[in-house]
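In what follows, one protein chain appears twice in different forms, each by itself as structure tokens: structure 1 and structure 2.
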Structure 1
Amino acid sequence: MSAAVRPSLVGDTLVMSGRALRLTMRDPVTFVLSLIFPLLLMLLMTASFAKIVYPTGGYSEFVDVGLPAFILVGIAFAAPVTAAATASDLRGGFDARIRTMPVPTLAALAGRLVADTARSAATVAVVVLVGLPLGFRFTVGPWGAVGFVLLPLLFGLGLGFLALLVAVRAPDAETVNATLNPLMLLGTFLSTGLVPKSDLPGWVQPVAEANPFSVVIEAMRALAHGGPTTRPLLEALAWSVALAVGCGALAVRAYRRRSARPAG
């Protein structure tokens, strides 16, 4: 008699993350949104608006200030695509097939998150590498640079849980995109990422200041270039953990309810 196959959360999560990464590499939309779009946005906005936003400074000053926002743009705008793919798996039969196998219930969701974090790391690396010849510099030290790299990954994990929550509860992939794309658009552009708060209209300033994207961007700037760091970093960590824990708990609960239903 053959030994029974025991489910392994870690092993099966890695298998699912490998599948998600392969699908991501084959999907030109995700590749463009996570890597090409933030680079194009950085190059075009630096060439067009650097002298307008910072008339007494150079292009490097605009890149120093704006690069954290370009990183979050790549991470945020790829999230709806991943969520739509998750929704398609849930409603296209893949999830039902997985539930008939000795696979842990949460391996599929965990695999998506691992793949999303790897994609986010690629976004951070590519944007920083392109930003260096444009004038971006880390001026605080190696630990600041490490925090600069890790913080958007943690915030991206929170966004990933939010995307999974929408994917599990939405009726179809179109609803996922219709829900998440406006949120990501408002989050990235209604912030202090590309324009100083003082240059925003008065009614927008408190909204931009409370925006979690602004909070993370300000913390990344402090980690890269110095200044008050403790408060913005703690606020950014609080937002990231709140998104991950809150949306994660709701997403797992909703997914387990789906998994408890008969397959088919």
Structure 2
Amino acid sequence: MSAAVRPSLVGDTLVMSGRALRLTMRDPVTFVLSLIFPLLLMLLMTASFAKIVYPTGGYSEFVDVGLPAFILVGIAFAAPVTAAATASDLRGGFDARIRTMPVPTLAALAGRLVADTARSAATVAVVVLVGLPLGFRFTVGPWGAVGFVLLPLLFGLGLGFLALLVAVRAPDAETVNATLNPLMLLGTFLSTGLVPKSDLPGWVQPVAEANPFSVVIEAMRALAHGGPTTRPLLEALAWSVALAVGCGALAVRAYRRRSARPAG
């Protein structure tokens, strides 16, 4: 009988994702807020800063150029939430049972990331749908639009694995938030997402240029508005995959090393 009970990476990841989606849906307020947050930020920042950043252009230009940044803000600040939930899983009893079951480590960890990616897709859709009447334009055609939607999801997966790594290593859920939130703030702000590179102070320019958030944002802009696409796209893909694989491997290793001793 038990011969059929084999760990299954794909099957178990799907089951764990189903659980994570269910938990997400069970808390609709948090879900809706996570969608509203980037919208709110986009509307408020546009209202207050558009005229200052683009004195001659204005609101629609700010939205057109800044929209990728607001998508990434939405995705980036969902990562700590997922990580905190994972940290609670690890400290509560749930993980204690999973460890005694025929479930691959990666599946145990990655379930929440799949659910998160679904949520990120909703974020992208909402921000784009609101951005379109406010001035955001796709000028490249359907394939560009598809890439524009998929790229942030892939990068979000990379950020998700980074967040998982922190969750596995941190002593509690609060430390997870306290570590990741400042990190995400730095990543999203010290980028070329909100203000053109030439308007940043000299010492920040190289930082902003190297920042993976900027890399992804520039690639998204190319996908939406045209211009040289191949190189920015490859750079963005490289960053996303490197983050996912690197942090994923480290997280799995750290998870295996953790002693499974729930509080108490």
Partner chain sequence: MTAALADAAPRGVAASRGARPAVAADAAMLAGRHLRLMSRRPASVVSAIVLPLIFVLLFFTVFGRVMDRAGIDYIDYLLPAAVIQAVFFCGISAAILAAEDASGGMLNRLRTMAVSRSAPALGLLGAELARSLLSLGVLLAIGTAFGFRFHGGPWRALGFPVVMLAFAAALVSCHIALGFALRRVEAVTVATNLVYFPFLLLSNAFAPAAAFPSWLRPVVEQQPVSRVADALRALTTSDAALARPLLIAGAWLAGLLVLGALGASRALGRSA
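Basically, rigid core = biggest C-alpha set you can superpose within 1.5 Å across the two forms. As the structure is a prediction and not an experimental result, all values here were calculated from the model. Residue numbering: sequential along structure 1, first residue numbered 1.
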| property | result |
| --- | --- |
| Structure that is the form predicted together with its partner chain (1 or 2) | 2 |
| Cα displacement of residue 108 between structures 1 and 2 reaching 2 Å, rigid core superposed | yes |
| Core-aligned C-alpha movement of residue 134 between structures 1 and 2, 2 Å or more | no |
| Rigid core superposed: residue 91 CA moves 2 Å or more between structures 1 and 2 | no |
| Rigid-core-superposed Cα shift at residue 23 between structures 1 and 2, Å | 2.6 |
